[in-house]
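As structure tokens, one chain now follows by itself in the form predicted alone.
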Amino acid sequence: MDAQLKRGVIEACVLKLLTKGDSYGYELSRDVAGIIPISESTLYPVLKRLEASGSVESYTREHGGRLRKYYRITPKGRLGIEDFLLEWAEISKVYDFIKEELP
């Protein structure tokens, strides 16, 4: 898969997972990997970009005597999902056109 396309898909997957509740990096990595192949080293830059854009926000909480960084989706992140779905609908139309059997 094209790197830019994969990045957008991963971002959308992370945002969608966060609509189900706050989560931390390792858990998100595991959950996203169940949908699309990804490593933790790929996920953390995605989380950083989403946080910098205001699509997610983070906070820390103690867990097992250590601080764990959690992420939550923001209203801007929810709009990002809607934008992704609209763009994907356009891509799907092009895909269907190209996939049609040639005469």
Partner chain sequence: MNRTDFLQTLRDALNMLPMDEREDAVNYFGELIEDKMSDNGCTEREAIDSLGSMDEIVASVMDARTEHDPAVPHTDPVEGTNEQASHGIKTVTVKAAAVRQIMIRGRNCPIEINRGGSEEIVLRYLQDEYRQFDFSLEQGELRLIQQPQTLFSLFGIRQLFSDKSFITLTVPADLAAALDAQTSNSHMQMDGVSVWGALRLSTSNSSISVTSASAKAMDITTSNGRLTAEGLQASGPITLRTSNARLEAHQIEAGEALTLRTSNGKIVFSELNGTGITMHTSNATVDGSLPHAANHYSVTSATSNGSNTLKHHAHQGPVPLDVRTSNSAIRVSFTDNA
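Positions refer to the first chain, counted from 1. Just so you know, these numbers come straight off a predicted model, no measurement behind them.
The same protein also has a form predicted in complex with the partner chain, omitted here; what follows describes it.
- Contact between residue 78 and the partner chain in the predicted bound form is not found at the 4.5 Å heavy atom cutoff.
- Among residues of the shown chain, residue 40 is one whose heavy atoms approach the partner chain to within 4.5 Å in the predicted bound form.
- Heavy atoms of residue 73 never reach within 4.5 Å of the partner chain in the predicted bound form, leaving it off the interface.
- Although the partner is absent here, residue 45 sits close enough that one of its heavy atoms falls within 4.5 Å of the partner chain in the predicted bound form.
- Residues are counted as partner-facing when one of their heavy atoms sits within 4.5 Å of the partner chain in the predicted bound form; in 35-72 these are 40, 41, 42, 43, 44, 45, 47, 48, 49, 51, 52, 58, 59, 60, 61, 66, 67, 68, 69, 71, 72, in sequence order.
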